[in-house]
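Presented below, as structure tokens, is a lone chain in the form predicted alone.
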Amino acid sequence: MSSSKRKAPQPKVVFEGVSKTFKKKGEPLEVLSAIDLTVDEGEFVCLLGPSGCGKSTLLNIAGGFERPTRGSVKIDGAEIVAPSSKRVFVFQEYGIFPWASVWDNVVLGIRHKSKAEQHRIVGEVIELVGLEGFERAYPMELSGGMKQRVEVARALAVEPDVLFMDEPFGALDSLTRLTLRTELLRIWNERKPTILFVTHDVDEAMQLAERIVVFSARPGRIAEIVSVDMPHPRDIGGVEYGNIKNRLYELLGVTHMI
């Protein structure tokens, strides 16, 4: 038997019947309803849907920052009840410290390691995100895209089990977004972290994800899970790309495209 046979996918993150209700002015507000989803180890999954449909709430539940009203989330078979350093978030707003250099921002989560390990890991991830030569620069000296690279480098430094990304490129200009999507895919192909990526941008989801989980309007339910079985970089002018994109717009309720 060939030793090169591909391993069967291993479940990494499992959502079982996850629902969430908040109180708003004393009244219940259901934002998520009965979410069942399994994300495999090393998979890149986008959560796509309109604003307010509960995508970010689901991410916060998976990260241990919120508790579901009903249901559970398990990572590697263990139920999530609190945050962990092995589950890292990258947000749209820059979370880096303005008074610290690139190096000091990136090293933050691994200060418990030896100085030699810190030096090795920080050097590796700074090179991986393309920030060589900027190690001693401060955030005020960096562009928006470079600041997001610092955030990604800091996340990768702790070697997370799961990388949660909540519209991380939403505040950037279109050309920088395209560049960082390409860079993120390169990093994912090299490191193969499990990524859950929230977006409301159809093209962004199409260009990044192996599977796209499409949410309905609030309360968020899974309308459909769409596989994007296309090699990277994806041919945005191709027939298959266009067909999948049209299906996503249809699921989102957009029937007339310009």
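The first residue of the sequence shown is number 1, and the count goes up from there. Since the structure is predicted, the reported quantities are computational estimates derived from the model, not experimental observations.
The same protein also exists as the form predicted in complex with a small molecule; that form is not shown, yet it is the one meant from here on.
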Self-check item: Partner-contacting position among Val31, Ile195, Val202, Ala209 - heavy atom within 4.5 Å of the small molecule in the predicted bound form
Solution: Val31
Quiz item: In terms of non-hydrogen atoms within 4.5 angstroms, which of the given stretches 33-41, 229-237, 186-194, 47-55 touches the small molecule in the predicted bound form?
Solution: 47-55
Self-check item: Asp104 within 4.5 Å of the small molecule in the predicted bound form, heavy atoms
Solution: no
Practice problem: Considering only heavy atoms, tell me if Glu135 and the small molecule come within 4.5 Å of each other in the predicted bound form. | Solution: no
Quiz item: Can you check whether Glu159 is within 4.5 Å of the small molecule in the predicted bound form, heavy atom basis?
Solution: no
Quiz item: Wondering, does Arg218 line up within 4.5 Å of the small molecule in the predicted bound form on heavy atoms?
Solution: yes
